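Just the one chain here, the form predicted alone, laid out as structure tokens.
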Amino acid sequence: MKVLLLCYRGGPFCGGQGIYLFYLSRELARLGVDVDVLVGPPYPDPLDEWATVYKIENLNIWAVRTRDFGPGRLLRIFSVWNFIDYLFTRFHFFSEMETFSMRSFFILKKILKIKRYDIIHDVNSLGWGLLLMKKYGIPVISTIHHPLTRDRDADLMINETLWDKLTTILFYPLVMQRFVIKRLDRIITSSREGINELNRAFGVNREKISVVYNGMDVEQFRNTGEEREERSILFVGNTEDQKKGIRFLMEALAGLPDDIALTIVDEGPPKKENAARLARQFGVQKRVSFTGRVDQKELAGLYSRKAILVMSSLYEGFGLPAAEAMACETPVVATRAGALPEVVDGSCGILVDPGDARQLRDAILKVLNDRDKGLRLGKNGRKRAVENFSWETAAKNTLEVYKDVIHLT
């Protein structure tokens, strides 16, 4: 089988789609699939060992002032798609998904002169160009972990002015995504909750949605044997994302004994101010530290050393940090938000209501004060992660979706 993967941002630190692209392409190749990749910047770690990679240009000029472009960007701005992207971004539209899909369509037109694909698999863009690709007679599917309506609504909650709300509405390409998603051959989402979300947000027929749980590297993420820091909790995620519920975690921390510290795997000030501001607001700034970006080896060490991973989310399309922590035998305290109850069950963690800092605090204390319970939750978490959330399993299930779509088209 020959598969073309499309990903508008491929770097492992630019979001979940970069990690998804890297591991899915590798595991599909191990299953004997011939994989090609069309990918935009930031570009992924080298995939050349198992895939043919075509790099798509993008200047990444969203939120960059024209005077800050520098000579390199200015010289390249006058090519057709760069200029279109420039015009859209000046009017507060995030056009990267649209322009990536159109660039990909024209490059694919050239590629198809020398090779053919059995299926085209888009990752998270739902751009207009996907509909043009369908004209080639190749089935087109897309992986959508959650609809962008969730991100828009989270931003609108914190927008204080009418201008902020207007620019938020302009930013998200929801009209395009709502139109495109209904016309693709299949949608893959990472949870059963995702089926409901996509149906509510975009009106997608439930029968056209397949669930394939996200994968993770269960060999990389395993307990390192380092000594646990018994009065420590860990948060992994984008602290600027309101859906992560960092406010409620800070409030919960304020109600915990002073010897309990929180480590956040994300950038702190001056790059990201939200979590630090909330820590000051709740008077816990001396108990909060930031690691900045870390690689997977460092992250596995953090999971293994800290006593608990906490996910205070108001919504999660999957909840990869929970699965990674479980693989490292670390108990999880998480909310019943989105798909988290599908990842974390009572055998490996404690679930609380989203937005309830008191429940979060009590659950953290329950695990910290019962060492045997923490060990039991951790052991069960490793077993559950290996059985359900390995990349090998994700790739096999994705391949079954490919076969089903090809059979039906």
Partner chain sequence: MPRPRIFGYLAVLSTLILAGLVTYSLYLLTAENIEYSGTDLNKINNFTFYAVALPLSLVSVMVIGTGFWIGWTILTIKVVPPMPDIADKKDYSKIKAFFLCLFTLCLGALLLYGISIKNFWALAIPAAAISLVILGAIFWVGIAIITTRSTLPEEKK
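Because the structure is a prediction, the values reported are computed rather than measured. Residue numbers count along the first chain shown, from 1.
What comes next is about the form predicted together with the partner chain, which does not appear here.
Name the stretch: of 194 to 202, 321 to 329, 154 to 162, 265 to 273, exactly one has residues whose heavy atoms fall within 4.5 Å of the partner chain in the predicted complex. Of the stretches listed, the one contacting the partner is 154 to 162.
In the predicted complex, does each residue in the set Tyr43, Lys373 and Asn380 place a non-hydrogen atom within 4.5 angstroms of the partner chain? The answer is no; none of Tyr43, Lys373 and Asn380 reaches the partner chain.
Residue (of Tyr136, Tyr86, Phe179, Phe94) lying close to the partner chain in the predicted complex, criterion heavy atoms within 4.5 Å: Exactly one residue meets the criterion: Tyr86.
Only one of Ala261, Leu112, Leu131, Ile169 has a non-hydrogen atom within 4.5 angstroms of the partner chain in the predicted complex; which is it? That would be Ile169.
Would Arg277 sit within 4.5 Å of the partner chain in the predicted complex, counting heavy atoms only? Yes.
Would Arg30 count as touching the partner chain in the predicted complex under a 4.5 Å heavy atom rule? No, Arg30 is distant from the partner.
Considering non-hydrogen atoms and a 4.5 Å limit, does the partner chain approach Val80 in the predicted complex? No, Val80 is distant from the partner.
Answer yes if any heavy atom of Pro71 is within 4.5 Å of a heavy atom of the partner chain in the predicted complex; otherwise answer no. Answer yes; at least one heavy atom of Pro71 falls within 4.5 Å of the partner chain in the predicted complex.
Which residues, if any, of 364 to 391 lie within 4.5 Å of the partner chain in the predicted complex when only heavy atoms count? Contacts from 364 to 391: none.
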